[in-house]
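The chain below stands alone, shown as structure tokens; this is the form predicted alone.
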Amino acid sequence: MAHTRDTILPKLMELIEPLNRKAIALTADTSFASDLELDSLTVMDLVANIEDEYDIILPMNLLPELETIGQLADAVAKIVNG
């Protein structure tokens, strides 16, 4: 089964929810920095969880470009689907 943005988004939100200390509603437009206020260590934990979930490697040079959950879902879909 091909992973699409629509199938990846709910799983990412599930992985992010425990890190959502502000208990805001998560959407594709939710920002990691300004909305969730995740620190770099928390982001690295999240990256590790995503890599484990999808059996992928997220390139470190890609991370600064991923500002929202939707952008992350697009990146994961691209990597998973090669």
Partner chain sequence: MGDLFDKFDPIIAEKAALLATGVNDPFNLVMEKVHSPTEATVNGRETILVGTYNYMGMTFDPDVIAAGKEALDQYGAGTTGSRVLNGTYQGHRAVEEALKDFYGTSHAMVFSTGYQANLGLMATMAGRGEYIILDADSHASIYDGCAMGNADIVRFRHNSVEDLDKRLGRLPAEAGKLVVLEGVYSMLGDIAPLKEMVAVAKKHGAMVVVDEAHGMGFFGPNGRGVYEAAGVEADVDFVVGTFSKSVGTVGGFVVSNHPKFEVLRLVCRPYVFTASLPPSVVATAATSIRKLKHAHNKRQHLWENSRKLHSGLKAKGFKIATETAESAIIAVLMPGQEACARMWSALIELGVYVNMARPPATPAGMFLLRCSLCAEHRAEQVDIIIDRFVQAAEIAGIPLND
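Residue numbers count along the first chain shown, from 1. Being a predicted model, the structure only gives us computed values, none of them experimental.
Beyond what is shown, the protein has a form predicted together with the partner chain; the following relates to that form.
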Using a 4.5 Å heavy atom cut-off, which of 56 to 64, 21 to 29, 70 to 78, 7 to 15 contacts the partner chain in the predicted bound form?
56 to 64
Answer yes if any heavy atom of E51 is within 4.5 Å of a heavy atom of the partner chain in the predicted bound form; otherwise answer no.
yes
Can any non-hydrogen atom of A33 be found within 4.5 angstroms of the partner chain in the predicted bound form?
no
Does the partner chain get within 4.5 angstroms of any non-hydrogen atom of D45 in the predicted bound form?
yes
